[in-house]
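One chain comes next, on its own, written as structure tokens: the form predicted on its own.
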């Protein structure tokens, strides 16, 4: 039988990050010692008190359908408290939702907002799923090229806005670049957006993984932005809970309601005992976050110094996340490759170091390397890359 797929499925581009991770896994299964700088997840285990909260919930029989679909009341209250404490945002419980990961939050938001012909502004470099999720909703991603600091400028944003612009994505700190917008930079972008009918999707999933003294500013905290911003966050990166699949957001109540209704028809919401455990994650001892951030701060120094020591590699220091996004185009002629796809392929095949090509993020001269791995793995991976490029 000939199975005819829907056009949306046939045109879908697979996630580049997941593809590289799977290729590295396959090599490891064959006995190859691969240094994994590709995966976008912490190498730390979920803190013990969060795991114990899930175990206790299971033992109490917390295994039924979660109700309501938008999130159990205790978790939505915890999300509101979290937004107040760490973002300076005062959401009511009916203006927050919890979803099956922040990726699901974004997907449902686009489904709720976008009609065919609508446009969504996607700053370059972009997380690989943004344009695909926009297209799945019938919209058109409009890519905005960055300045030398890998940030979208107010002038570039203004030039990209049209009457068809439905939303603007701002990811700070950014995956893949690690850059974070300052309060003044966000205010300048907000001033441009205020003159349009566009909503803002503020993806702030990495907001507590920063390397400066001050945490990044929440976009919705700026004057005039609270009522037109969906603040997307979650537990995956902050608490090393990627496999638990728990994201959350705060925003305009009509949009939150629509996201909840879509979720009710799609998944019924995140797993019940995961929601219960996440109450403890958001309201419990936050020392675990400080410890992970300190480890990332130490690791990024090693990673950046090692990459800068390689001829032909230009590696800026990220403001946050656990990624570096170096320009490796100075090595292309030496390796006999034409873009970052070729560089990443050579690195995996020759040095057995896995990374993600910047082509997937809209920047073919760069590669993304994660330092969410041990100090020893970072040093070994850097030594292999140095040898390959010497």
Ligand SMILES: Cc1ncc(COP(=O)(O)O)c(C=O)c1O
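Residue numbers count along the first chain shown, from 1. The structure displayed is predicted, hence computed values, not measured ones.
Same protein, other form: the form predicted in complex with this ligand, not shown, and the subject of what follows.
Among residues of the shown chain, residue 101 is one whose heavy atoms approach this ligand to within 4.5 Å in the predicted bound form.
Residue 175 belongs to the set of residues with a heavy atom inside 4.5 Å of this ligand in the predicted bound form.
Using a 4.5 angstroms limit between non-hydrogen atoms, residue 299 is distant from this ligand in the predicted bound form. When contacts are judged by a 4.5 Å heavy atom cut-off, residue 83 does not count as touching this ligand in the predicted bound form. The contact with this ligand in the predicted bound form, taken as any heavy atom within 4.5 Å, belongs to 245 out of 245, 166, 207, 151.
Distance criterion of 4.5 Å from any heavy atom to this ligand in the predicted bound form singles out 236 from the list 272, 236, 263, 221.
Partner proximity in the predicted bound form, defined as non-hydrogen atoms within 4.5 angstroms of this ligand, places exactly one of 125-133, 107-115, 69-77, 290-298 at the interface: 125-133.
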